[in-house]
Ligand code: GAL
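Form predicted alone, single chain, as structure tokens, below.
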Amino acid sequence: MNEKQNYYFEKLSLGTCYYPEHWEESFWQTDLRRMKENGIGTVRIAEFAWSKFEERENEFSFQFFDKFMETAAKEDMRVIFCTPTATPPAWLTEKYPEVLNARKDGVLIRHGMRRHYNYNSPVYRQFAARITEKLGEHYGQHPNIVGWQLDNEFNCETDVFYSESDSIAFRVFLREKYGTLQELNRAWGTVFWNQTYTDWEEIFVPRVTYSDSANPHLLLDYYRFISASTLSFCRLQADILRRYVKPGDFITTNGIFENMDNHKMEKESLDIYMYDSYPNFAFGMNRDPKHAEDLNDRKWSRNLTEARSICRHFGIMEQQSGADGCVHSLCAPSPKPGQMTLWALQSAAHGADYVSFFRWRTCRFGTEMYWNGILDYSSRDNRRLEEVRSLYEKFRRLEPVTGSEFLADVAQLKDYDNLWDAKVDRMHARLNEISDNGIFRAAQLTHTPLDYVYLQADTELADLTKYRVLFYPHPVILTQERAALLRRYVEQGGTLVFGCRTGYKDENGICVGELLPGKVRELTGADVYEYTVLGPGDDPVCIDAGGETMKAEYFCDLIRPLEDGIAAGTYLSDYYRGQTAMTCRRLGGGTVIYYGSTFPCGTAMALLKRLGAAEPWRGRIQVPAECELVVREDRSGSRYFFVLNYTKSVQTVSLGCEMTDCFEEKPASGNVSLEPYEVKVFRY
């Protein structure tokens, strides 16, 4: 069996998603030749094609895809082959309905769309394992295959599961975790509202209740269970394929979706992680007008930052190429000239060394027939194909960037316990929404490169000390182990910033009886003695932080500094006017800040500037707020400054020293103009 590897692309390269089953065989060779002529060297195939391999139960045929692979070999086209388990065939779901997912009320999710199965059905796992094995046996050694994609977009369409198989598997999960019903009842606080369990068979995945509100501690474990189920199904396929794939071929899947520990999945099962990037969703006809100015497509860099946190050098399996739209949902407009290139380079700037466009040609039938590819229905040459060719030339000039490191001195800490708790607890969700948006937006507008770091069981001090400043906005659930790791980070010289509601729950989501902020009270030098939500009728509350005014939004902690803590900010209004809102404590070589509210954009910007972390590259390059700045460093120490103009207006960048324009391959200095949607990359 091949061992799991850390896979790296040799150079920046382009691919596309291709569906030979959608087109006559006469298209194949012409399509592959046109792809190669325009810089596309890899195709992804077969993720929805189960019936092409097993049209009826136990009747296997590889003739169709053998023909396509012969064509790929003739045209020297690399292939990423997929397991087709995202769309089980009709013969399977009709004969074995236990493989289907269900709604919360028990109604089965029927055949007709995709991802209608559940991960825990023993029958489905048996069929999924068998088709995976058959494909591995038949294609594992094919010379044109370079990688394998497992399933397609785990937890897309739905990330909740309510089948009978899920309740059975949930009980097994809980038995393994708690051992006894007595311990489960204690951890879930089932004495409240007489929810005590006396038999494991009384426990189910969430079912319909008044206000659709189940026991919050059950729900927290339910989300952990979904993650474990998803990862188990992924691992099932990965372990099978490793027995058959050639050395050097990678195993991957495409995400990112919720209710699963993406980081653990990558560590356990994948050689490299892939993300599907669709920035045009920001301009969809059904978007919320309230978010019309919320960075629009530029905020997809936040998703790319998430992908980079999972895998520093990742790939894009599906990159926006045309307009979005399904027959059952409203459409987004076609990318304007330059935007397709902009979004692909946005991916590359953030760490993607492989970019595959979805898709080669727009399908003429089915749910996604308005989801445009590079080519329209007619296959004629168009400006999108021109952009692909132009992008290929840009990628050639950026080859030294392959495998280079994204440079950031600031990171935001996250963890899955708190992400899942925020799905249960609406207050926690609101805190996260304000601060996650605010910190990201502030970093973007101040051109402060930002990483996300997920705290996991294997997180080490070295994973944190590479950053000068860490924000951990609202770790409602905070373990002793994480508190100890954070203390060591501060003692080593780091600056750590906490927000309100830190540390008030245990791992089961039960509120602690400790003085707040719980396990980091001594670390922060802060005693939270009272707190309140800000109601819709309350006047705005501001905080005076040493002469600088910052906004308190949604929530306020009232704080008394402990002996080692210093009052660094006070409330300016309401009944707690004059009370401490922010503390600062020096510890070893570092600093801990406790801010008793959330971090909207203005507050996050003020803190970045206060901590000397904002605009770290201002001496080298000055970029308008309308553009994004990303900096990568290659193995030789050369730095690449990506400047991305997301606007329909010309923007001007000022270079503080002479650099090289990578695309024009000539020196650049002083003021440089960027056309609408243009990207410039400068090497220094």
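Worth saying up front: this structure is predicted, and the values here are computed from it rather than measured. The first residue of the sequence shown is number 1, and the count goes up from there.
From this point on, the text means the form predicted together with the ligand, which you will not see here.
When you look in the model of the complex, the only residue of Asp353, Asp271, Asp417, Glu318 with a non-hydrogen atom within 4.5 Å of the ligand is Glu318. Contact with the ligand in the model of the complex, defined as a heavy atom within 4.5 Å, holds for exactly one of Arg441, Arg242, Arg114, Arg384, namely Arg114. Among residues of the shown chain, Asn152 is one whose heavy atoms approach the ligand to within 4.5 Å in the model of the complex. Shown alone here, Asn254 lies within 4.5 Å of the ligand in the model of the complex, counting heavy atoms only. The closest non-hydrogen atom of Glu368 lies within 4.5 Å of the ligand in the model of the complex.
Contact between Phe68 and the ligand in the model of the complex is not found at the 4.5 Å heavy atom cutoff. Residues within 4.5 angstroms of the ligand in the model of the complex, judged by any non-hydrogen atom, belong to 272-280 and to none of the other stretches in 272-280, 340-348, 559-567, 533-541. Contacts between 37-73 and the ligand, taken as any heavy atom within 4.5 Å in the model of the complex, involve only Phe48.
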